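Single chain ahead, by itself, as structure tokens, in the form predicted on its own.
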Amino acid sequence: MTRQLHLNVNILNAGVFGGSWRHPENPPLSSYTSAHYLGIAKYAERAKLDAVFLADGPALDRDVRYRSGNSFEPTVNLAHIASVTQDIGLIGTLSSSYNDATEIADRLAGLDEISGGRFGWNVVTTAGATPARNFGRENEPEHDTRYDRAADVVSRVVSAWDRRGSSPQGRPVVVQAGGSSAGVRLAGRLGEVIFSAAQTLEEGVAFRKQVRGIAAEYGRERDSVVVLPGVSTVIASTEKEANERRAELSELVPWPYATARLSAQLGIDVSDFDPDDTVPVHLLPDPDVAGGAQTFYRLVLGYIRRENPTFRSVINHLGGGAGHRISVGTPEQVADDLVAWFDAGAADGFNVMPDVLPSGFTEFAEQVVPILQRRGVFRLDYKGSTLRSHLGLPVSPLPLTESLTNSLAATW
């Protein structure tokens, strides 16, 4: 059988760009309505996508002054979506840093049951001082401590699911993203779907090879790991129009939002510099000793080292802080881009983040998906009714190690 790629749509409020909510195609407050998410999910199911994905964090983002935020807690939102869809997978983000393993196991197993086996848990190790203070902590835990806890929490959750044994798909799918050394190790050990932030095809090939190799070290089949790089899409009927749309979206990003986000990613106050100053690479720490969210720090640092850009260029390149690779062009060009990564072994599919929602996703579903179907690399219909069946993932248990709880008790 011809290898098939996998596609999720990330319903990231009004769209992936910082100024998406300001784009005239869509009402600026649409992401604060349940109809927004339900409509995109139904459309994604008609296009036969593997899953809808919801990002989240356990704190109110202070940048809500400049862009719309995630308006519903993911499991509540996905339970609603489950009630009006039949086949599409449902992936929600819950923090391993600030949730209890037993509570997560029960809540997500319940969602998996009521959805008929369509649920996946995106495990995140929450960085940042704001969530820490939200839970009564002075500062965020150290990077490695967060990943030690994540490994323990995932092990406990999966063990609890195995004891229940009632899920239509065996148990919910474990999704993970992390570009740090500890994050990649956790992905290979326990992740089944791995989100990556690779910026170049070469980085994508290397990441997929690395994480599948780590999976093999833990006694897992390499093909039991599905790697889905994030890709932001900007689509128009001509290349010129697509580039103009891309430029417009950059102009719509509120500058205070963009600079605050880049400051958080780099660990230096960007507002202290002229926007047209070259980014001082010597001020940026090595990724393995940097705090915060290392995945996006690594991708931003990689771009800075390659291009020696100004601060303004970095912000424009990242879509005002979006962070993921941006594919710009006609439907055929975007399809060519996705297939090139797929054929080269840089991806098993993609976590698609349309530029603005819902119109940017409508364009992707109506124009790009049919091209992929005609080329024989994407399904014409679902072959099963569970998320595991869509992804081609086994139901066999993940190999787990002994609980890390005792070693963590003194530090968490």
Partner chain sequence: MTFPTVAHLKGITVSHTLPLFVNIPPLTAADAGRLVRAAPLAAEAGVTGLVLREAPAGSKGTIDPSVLAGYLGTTGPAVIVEAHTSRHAPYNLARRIQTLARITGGRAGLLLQADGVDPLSRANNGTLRGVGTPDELAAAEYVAILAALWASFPEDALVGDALTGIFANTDLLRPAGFNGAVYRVDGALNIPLDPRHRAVVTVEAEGLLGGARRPVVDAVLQPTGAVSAGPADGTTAPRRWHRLGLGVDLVDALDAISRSGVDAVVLSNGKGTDPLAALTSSRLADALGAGLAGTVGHGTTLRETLDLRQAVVA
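Numbering follows the first chain given and starts at 1. As the structure is a prediction and not an experimental result, all values here were calculated from the model.
Although not depicted, the form predicted in complex with the partner chain is the subject of the following passage.
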note = Partner-free chain; cross-checking the partner chain in the predicted complex, the single residue of Tyr218, Phe273, Tyr98, Tyr303 with a heavy atom within 4.5 Å is Tyr98
query = Ok, Gly57, Pro370, Gly345, Gly39: which has a heavy atom sitting within 4.5 Å of the partner chain in the predicted complex?
reply = Gly57
inquiry  = Each of Trp21, Leu29 and Ser83 within 4.5 Å of the partner chain in the predicted complex, by any heavy atom, yes or no?
reply    = yes
ask   = Would Arg65 sit within 4.5 Å of the partner chain in the predicted complex, counting heavy atoms only?
value = yes
query = Does Asp87 reach the partner chain in the predicted complex, with heavy atoms at most 4.5 Å apart?
reply = no
task = Please run the contact check for Arg246 against the partner chain in the predicted complex: heavy atoms, 4.5 angstroms, yes or no?
result = no
inquiry  = Whether Arg107 contacts the partner chain in the predicted complex should be assessed with a 4.5 Å heavy atom distance threshold; does it?
reply    = yes
key: Partner-facing stretch of 135 to 143, 208 to 216, 264 to 272, 329 to 337, counted where any non-hydrogen atom is within 4.5 angstroms of the partner chain in the predicted complex   = 135 to 143
task = Taking the partner chain as it sits in the predicted complex, which residues of 263 to 282 have a non-hydrogen atom within 4.5 Å of it? Please list them.
result = none
